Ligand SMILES: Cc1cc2nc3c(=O)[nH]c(=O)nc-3n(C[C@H](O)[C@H](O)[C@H](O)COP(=O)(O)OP(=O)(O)OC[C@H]3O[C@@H](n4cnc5c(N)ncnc54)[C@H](O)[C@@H]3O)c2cc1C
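The form predicted alone is given below as one chain in structure tokens.
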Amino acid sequence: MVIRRIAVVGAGIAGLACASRLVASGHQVSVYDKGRGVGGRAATRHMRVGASDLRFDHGAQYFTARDPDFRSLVGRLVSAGAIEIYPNTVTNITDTERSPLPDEPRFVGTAGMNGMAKALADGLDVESSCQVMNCIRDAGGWTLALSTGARTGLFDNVVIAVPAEQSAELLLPIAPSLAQEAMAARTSPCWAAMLVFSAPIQVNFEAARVRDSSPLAWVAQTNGNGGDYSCWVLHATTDWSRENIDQSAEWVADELGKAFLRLAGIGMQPLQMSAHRWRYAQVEVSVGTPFAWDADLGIGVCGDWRLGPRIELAWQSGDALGSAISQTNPL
């Protein structure tokens, strides 16, 4: 087998899955991501309150495992202590009723949702806080222009594993047909708020999908590793997030916090609040195929926007592309 040098742009679940498959096949892989850590929206935020370092899964809240190969991976990660069963019971809340969501195994990272991504990244060469601005091809292969002003060494292949809108920007100058696929997908934004109460609050739900007139789409209690504090994550609806996409984080936290107090029917005010804007959060329109691979150019594309808005589908997309590249004859 000819060992290839491959760059993966994006350290979300799809990019990490692709990189893991490629490394397992013997290739030399470097992963680049603009974030401070791995995982993309499978993220964990820390908030300092007093002497406590509180933890919030402010992106993806949990994930399911329905595909046999993904279930096998989940089983190994559970055994390794990287992930565990999601502890909350999930409720459906509408204007007229509250009922439990149909039960199925749900999983979360043991020390935060990014625990799964950290496990996938173990042993990989990942450079964080490093955005790829352009991919440049010449006779020797591919180089990447980085936000640091540096350029990488040569790669034989490049994998683009970032949201559809960002993929389109990178692909348009170098692979227009692949860029068109990315432009056909659509991803919606989501504002997330994180609330800290000084004591436990009395509500009749632990986590809930909200389908009423509230701007909230999801609320969930998190243990936060905060002792006596009560910590909650709130997600706004797609429409509300889109309408308020340019508002300040302080204003958003206040508005969503007030909506949560109304939903919960409580008068206790949060001790501390913050908000985070996910500009590319939920896949609304997917391409419908797991990946794209142009062997002539040596470019692959993967991500949840290929299949749908689930961590499992992001992993399937990246793993399938990694397998396809490994089985392709080298250029």
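It should be emphasised that the depicted structure is a prediction, and the values quoted were computed from it without experimental measurement. Residue numbers run from 1 along the displayed sequence.
This next part talks about the form predicted together with the named molecule, which is not shown.
By the criterion of a heavy atom within 4.5 Å, residue 63 is counted among the residues contacting the named molecule in the model of the complex. For the chain shown alone, residue 115 is not a contact residue for the named molecule in the model of the complex, no non-hydrogen atom being within 4.5 angstroms. Interface membership of residue 94, defined by any non-hydrogen atom within 4.5 Å of the named molecule in the model of the complex, is ruled out.
Within 4.5 Å of some heavy atom of the named molecule in the model of the complex lies at least one heavy atom of residue 13. Though the named molecule is absent from this view, in the model of the complex it lies within 4.5 Å of a heavy atom of just one residue from 298, 270, 290, 59, which is 59. Listed residues 158, 252, 175, 132 were compared with the named molecule in the model of the complex; 132 is the one with a heavy atom within 4.5 Å. Across the proposed site, 27, 141 and 322 without exception lack any heavy atom within 4.5 Å of the named molecule in the model of the complex. Exactly one of the stretches 252-260, 96-104, 163-171, 193-201 approaches the named molecule in the model of the complex with heavy atoms within 4.5 Å, and it is 163-171. Taking a 4.5 Å heavy atom cutoff to the named molecule in the model of the complex, the one contacting residue in 282-300 is 282.
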